[in-house]
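Subsequent text provides structure tokens for two forms of one protein chain, presented individually as structure 1 and structure 2.
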Structure 1
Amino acid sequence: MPTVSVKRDLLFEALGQKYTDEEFDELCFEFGLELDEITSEKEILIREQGGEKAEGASDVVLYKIDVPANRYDLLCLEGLVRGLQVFKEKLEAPRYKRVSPADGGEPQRLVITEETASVRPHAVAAVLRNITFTQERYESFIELQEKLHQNICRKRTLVAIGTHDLDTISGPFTYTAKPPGEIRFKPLSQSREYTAAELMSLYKTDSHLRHYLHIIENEPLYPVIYDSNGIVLSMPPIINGDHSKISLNTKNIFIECTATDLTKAKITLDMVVTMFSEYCDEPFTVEEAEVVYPDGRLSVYPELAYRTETLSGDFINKRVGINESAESIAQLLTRMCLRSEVSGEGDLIQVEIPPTRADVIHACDIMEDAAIAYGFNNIVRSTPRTYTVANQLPVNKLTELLRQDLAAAGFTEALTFALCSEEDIADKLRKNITETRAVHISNPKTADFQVARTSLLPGLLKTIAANRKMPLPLKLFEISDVVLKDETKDVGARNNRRLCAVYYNKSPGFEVIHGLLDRVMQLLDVKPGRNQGYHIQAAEDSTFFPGRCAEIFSCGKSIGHLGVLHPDVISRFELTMPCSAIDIDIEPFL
């Protein structure tokens, strides 16, 4: 969960009321938050860097408040105060408006060129007019951007925010992409101009910015935003230009968000402008900006979209476990910044979702807010009407019983990765990948995790290879799921519980593996026999040595194989001694 640090005195001043630490802790709990820590800048430095570094640090009391990860509207002092004031019914939730330029002129325009398609194809923009900053407001403005970058923006990979003093630049603005050698500007906090390539080298040692370099450093083109005079506003997602930096004296702010995810960009822009539009001369109004796409489409931002959801009071009552009237529930929701009213039809409630509540995507989210406003501690405890007795899944119960007895038989259990490389389940086992019915990962992070395993054998052989220096013999087993394609399933694949065991020694030890099979069948109460029992018969499998492989049948159905592994399989797993293995399906015995 994100943690928001706010100065206690500043918070209480904004709330218009002072609280004891215990009272504020209780208020946070009622609102669905948690007061995580009460500290100060000096205490933090003493704890993290020692007493010498803390000399001269502030003793101002800080509240560290844990905020739900999807409540982007609570990531700054302004949103936190607004939410608490509405919750305490001291304030009505404001209505946010998008307006045209006051002088009747043309809106600011951001033109996107087709070169951006390969790096960050989306952009949105807006203008905050006649804003008044104080030192605290300015710091909160910067901190909100950083919180959003770490949260919804996913460390700038999805969205990067740029804020600029509009009085120092002139539109229309151009968002394009160029080779790093062709981009040259003076970045924030630097004294001279650098090319983009030089900046990437410069920031490799920067404790803050080096974490974002990987996003574009291997791209042939870097994104960049220019104004009509060719001045660089920013090189997203790395750094803004020094020319358009904002300060305490800034009155008009041009905000742009470049992104790989347009939806996240819209939400991010809405959050920034709704939180700080209260400091404009006309509070809670945001000047629109136009964005022109490479195909000629024109969009106007910010959207600041309101939408209405309709749900019944009975839905909320049943799921929360309360018995309130529709009017009472509407009032509860209004306290959570969701303006609600009862429609004329039965107990239906119309709930208005403001642009600040991007976390509300389903009726269940509205129901949760109603429960928070009602108070979890006020919900009467009751016995569930449905009487159920928990029980272990049969396949898991069988697995646990077999694990105990295989360990008693002298085998050591291994737990291996459910994902592996294509080579592990195909080439190394002397099989064709198309015959394995493997489920492939669409975007594997490494070559070691390309597919879901179709056999437990590769994992056990890799475990033996990693433990070759251990005393012989090595006797391992695993009972786990493999994943197989299955068109009859709604997801196109199914899990299959299998048992696999291997014996690695100077001699193949086929008789050891055969004996293990007999013991497993004895435990499963399956007697030897061709019809109602189990039996083995000679078979050919490319993974096993010719003439040293048998197929296992139970009640007339094939359930697996056992035998001596082929020398090629052993060498491909970097082993040097013979190895026998058994691999069977245990689901038929449920």
Structure 2
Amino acid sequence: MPTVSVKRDLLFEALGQKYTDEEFDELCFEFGLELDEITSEKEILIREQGGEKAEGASDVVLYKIDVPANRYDLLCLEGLVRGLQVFKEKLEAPRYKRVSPADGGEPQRLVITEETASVRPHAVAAVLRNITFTQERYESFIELQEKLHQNICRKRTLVAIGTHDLDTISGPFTYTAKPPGEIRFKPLSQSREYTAAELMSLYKTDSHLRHYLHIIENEPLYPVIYDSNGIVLSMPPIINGDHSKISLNTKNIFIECTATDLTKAKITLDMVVTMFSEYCDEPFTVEEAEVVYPDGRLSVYPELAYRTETLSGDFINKRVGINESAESIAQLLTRMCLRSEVSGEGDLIQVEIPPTRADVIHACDIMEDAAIAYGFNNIVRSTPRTYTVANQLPVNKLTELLRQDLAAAGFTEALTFALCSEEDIADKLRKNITETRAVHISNPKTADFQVARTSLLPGLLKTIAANRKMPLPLKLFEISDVVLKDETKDVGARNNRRLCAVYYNKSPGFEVIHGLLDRVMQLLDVKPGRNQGYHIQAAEDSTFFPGRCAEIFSCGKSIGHLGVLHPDVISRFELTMPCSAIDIDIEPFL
């Protein structure tokens, strides 16, 4: 959930009303937002870097507001204010309009060349005419781009935004891709020209930009936008050119979004222009730009598309669990920037979804907005009439019953991790990793998460190692799942429910572990015996001490092992005393 930070006093000024913190918190809640924190730049600096660094920092009060992940229209002060004013019926939602150039001239044009296909094939563009920035508006404009980059643009992988002072460049613009050595320009905040290759190494140490380098780093061609004079506007998704940078005095802005996902690029462009066209001489109008594809196709942006959905008041009432008239529902929706009216026929409501509400993709989203506007706390709670009979999962039912009785038999339950290192399940148990049938993790951050466990034993031994100061004997058990590769399953692996127990003392206590096996079999109602019962039989297993290991058979089927652990296993788990263990599969007893 993104957090938007706005200056409280600016916010109240824009809302035309002052609130106490509590009142504003309440308003946020009603609107489906959360006032997460009340702070200041100074407070943040003190918290993050200590008092010294914060000296002289601003103590203007900041509201940090949590915004739902897909509400891109609330990521800046302008959008928040607009949303809240409409919600409070102090303002009618503006209509955003795409217009042709005022002087009857040709629209700006961005030509995409085919070289971009392999790296970043899409681009959209628009122009904001006669905009008036103030310091605050300018900062908000920059901040919105950053918020969009972090959210819908997925850290610039899907979309990257470039904004330019149109009066410093001249179209038509060309969006192409070139080898890094052939791109050369002076980037933002630098004093000289660099080649793209040089920039990539320059930004390796840039705390902000280095996170985006990977997006194009290994591509043979880098994306780049030129104006008609060969001036570089930007090298998306990394950096803009210094030449066309915007300032407080910029009047006309050329906005381009390059992308790997065209839908997201259109939404991103719509967000930027709907939010900031407010400050144009002709508010809420956006000058169109043409984008020409390599195949000659021509599209006009921004789309600023309005769409109408028709749904019934009954649908909303039934899904939310309320009983409102169609008129009143239409009013609720209108307050959420979804201009709605009852269409005359029955209780049908025509709902208009504006370009700012790209998150509304289904009637269920409209239903949710109606619920927010109605107020979740005003919805009457009711119990579903759904009649069902409960069943336990057999393997869990068996596990629950066995756990109780293992504790009654004097063993204490451990709870160990399902992920561990290769070493834990192989070397330390004197096994070869290839014979374990282990599932391997491709992206572990540490060795502790290399594999899913194939045995419960390492976890129990590690638990003992962490509790060596406890009085002996230590008697531990766990009944839980291990994971084994299994080609018969759709994903190629399955869980297996195991029972494992260990006895750790000055003497190995094989008879104690053997006694536990007898008790478990008694609980499972399996009698000792060769055919229909259970028996154990001498076996060799590298984890166990030679001559001190037996395989356990139930109804003729091998279900596991018990025995005295090999001294090497004991030392590899940093233990010092003899230890005996039992490890069985309990699924045959279901």
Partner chain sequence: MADTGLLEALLRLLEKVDGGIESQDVAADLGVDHQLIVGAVKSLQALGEVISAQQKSSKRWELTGEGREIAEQGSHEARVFNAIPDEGLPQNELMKMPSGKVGFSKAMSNKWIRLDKAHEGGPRVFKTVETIEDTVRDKLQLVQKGLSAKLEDKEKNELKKRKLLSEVTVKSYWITKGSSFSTTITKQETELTPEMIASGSWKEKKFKPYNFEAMGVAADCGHLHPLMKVRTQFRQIFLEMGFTEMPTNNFIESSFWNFDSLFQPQQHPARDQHDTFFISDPALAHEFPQDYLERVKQVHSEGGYGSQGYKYDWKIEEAQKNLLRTHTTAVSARMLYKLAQQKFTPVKYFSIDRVFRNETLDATHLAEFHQIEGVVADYGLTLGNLMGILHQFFTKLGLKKWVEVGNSGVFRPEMLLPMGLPEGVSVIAWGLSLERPTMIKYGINNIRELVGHKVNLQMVYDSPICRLDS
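C-alpha atoms forming the largest set that superposes within 1.5 Å between two forms make up the rigid core. Keep in mind that this is a model prediction, so the values were computed, not measured. When a residue number appears, read it as a position in the sequence of structure 1, where counting begins at 1.
In this pair, structure 2 matches the form predicted in complex with the partner chain, whereas the other structure does not. When the chain shifts between structure 1 and structure 2, residue 345 and residue 407 travel apart, each with a separate rigid block. Rotation of the smaller rigid segment with respect to the larger between structure 1 and structure 2, from C-alpha superposition: 31°. In the rigid-core superposition between structure 1 and structure 2, residue position residue 396 carries a C-alpha shift of 5.0 Å. Per-residue C-alpha deviation between structure 1 and structure 2, core superposed: residue 387, 3.6 Å.
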